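Given next, in structure tokens, is a single chain: the form predicted alone.
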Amino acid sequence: MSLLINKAQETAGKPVVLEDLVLTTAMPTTGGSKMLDGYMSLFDAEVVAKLEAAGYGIAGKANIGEFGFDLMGETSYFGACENEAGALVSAASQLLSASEAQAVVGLDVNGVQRRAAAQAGQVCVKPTYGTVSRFGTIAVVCSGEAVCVSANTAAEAQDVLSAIAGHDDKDGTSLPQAVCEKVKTPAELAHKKIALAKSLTAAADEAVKSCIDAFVAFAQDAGFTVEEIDDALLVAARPAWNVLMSSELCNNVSRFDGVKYGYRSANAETIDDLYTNSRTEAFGELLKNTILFGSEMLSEENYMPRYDKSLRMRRVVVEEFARLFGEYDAVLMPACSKMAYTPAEVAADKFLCFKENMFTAPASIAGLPAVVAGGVQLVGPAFSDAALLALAGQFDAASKTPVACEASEEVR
């Protein structure tokens, strides 16, 4: 298994690892795909410049699944990562556990980083959409992906987030600087109330529920009221997100055709052969299936009843969150259904990532900040990133690594 696809010879400053969807001129950016094996960018991503200006050094590139939208990096061209117990793990979480980096900066496309942080007992923040520039990242799901930070502590995650947040004229979705500044300083939690997503929690196993219970006890001791809510509309974010994600991915990877850059098939006599064979030979099975599904959702027959309906469902989810945040400071939910996945489970259900994202899709489709710590996930209103991290940090410090948050029995 490969944790680091490329490693810097020297690192000036505090070491940070980038996941392999972030472009750099010093080392290749592959997106975890054979299609971009060895690809060298002509420019650095905006987050690279901001990290270096803040005193961080790029230590290397972490292995990821192909274009970062799978379950736990299992579709990587360079091989999946497993721990000693035989469970799938992300390269980023393993590098953090080994203290080879102070933080990992990646692109949250389909929640991989949040699942990995929950299972490894680490911290991950997916910031408010538009507060961190995506310029220089390989586009996959432009309307919902966000540059995210994973670290061993909430304080380290906050430091890195503060370094990379800010307006960027090169990113058309970037918010004004005054707005981006809000994610750097915690604001007071006005309601002292947390909503517990009932159905999403019920869908998780006992190990995950134990982590939820631990957070509820912590929050109540800290003076918060925790109330169960009907989360049916949040659950409905999953099918809508899968349609939108697949459709946007289908369009974004269309640029990889064997002509301009990337893998080029040697078995081609016509331009159509070149397109077809290059993509057939270089793309993995999950990516091919997702392209086909996304293309079907954008077809004339399905555009209005499927794609357009998913856009309208996005608005419904956004409005539901707005209603909840009129009464609550955050919504508490799992980041995954269990504390470990095995290769056998993924082999038995190759579309498991489209089911497990029921826990990560609500924040992604709504563009809201989500923080994972102590095995649980908090989703808050826009620009509450720092407040969520502060609360998560307090919980993390108070936690004692409960047995319930360890790997499931079947992978020990």
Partner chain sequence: MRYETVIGLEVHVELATDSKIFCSCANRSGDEQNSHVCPACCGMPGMLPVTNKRAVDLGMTAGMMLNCHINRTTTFDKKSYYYPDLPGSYQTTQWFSPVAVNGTVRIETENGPKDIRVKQIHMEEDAGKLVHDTLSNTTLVDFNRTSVPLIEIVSQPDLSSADEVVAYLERLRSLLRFAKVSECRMELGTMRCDVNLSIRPEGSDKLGVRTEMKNMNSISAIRRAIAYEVDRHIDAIENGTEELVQETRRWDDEKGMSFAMRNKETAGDYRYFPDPNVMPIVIDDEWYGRIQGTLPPFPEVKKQQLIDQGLTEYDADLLTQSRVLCDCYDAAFAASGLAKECANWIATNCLSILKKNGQTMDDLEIDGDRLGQLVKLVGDGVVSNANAKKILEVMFEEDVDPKAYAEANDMIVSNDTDAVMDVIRGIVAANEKDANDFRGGNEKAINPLFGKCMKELKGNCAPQQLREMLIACIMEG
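Numbering follows the first chain given and starts at 1. Just so we're clear, the structure is a prediction, and the values are computed from it rather than from any experiment.
What comes next is about the form predicted in complex with its partner chain, which is not displayed.
Proximity of Arg312 to its partner chain in the predicted bound form: non-hydrogen atoms within 4.5 Å are absent; the residue sits far from the partner. At the 4.5 Å threshold, heavy atoms of Ala101 stay clear of its partner chain in the predicted bound form, well away from it. Residue contact check for Ala207: none of its heavy atoms lie within 4.5 Å of its partner chain in the predicted bound form. Proximity of Asp221 to its partner chain in the predicted bound form falls outside the 4.5 Å heavy atom cutoff. Remark: of stretches 52-60, 339-347, 37-45, 359-367, the one touching its partner chain in the predicted bound form is 37-45 (heavy atom within 4.5 Å). A heavy atom within 4.5 Å of its partner chain in the predicted bound form is found for one listed residue only; from Arg255, His191, His167, Lys288, this is Arg255. Residue in contact with its partner chain in the predicted bound form (any heavy atom within 4.5 Å), chosen from Thr225, Asn251, Gln177, Thr280: Asn251. Not one of Ala155, Asp159 and Lys184 comes within 4.5 Å of its partner chain in the predicted bound form, counting any heavy atom. Contacts to its partner chain in the predicted bound form (heavy atom within 4.5 Å) from stretch 154-177: Asp169, Lys170, Asp171, Gly172, Thr173.
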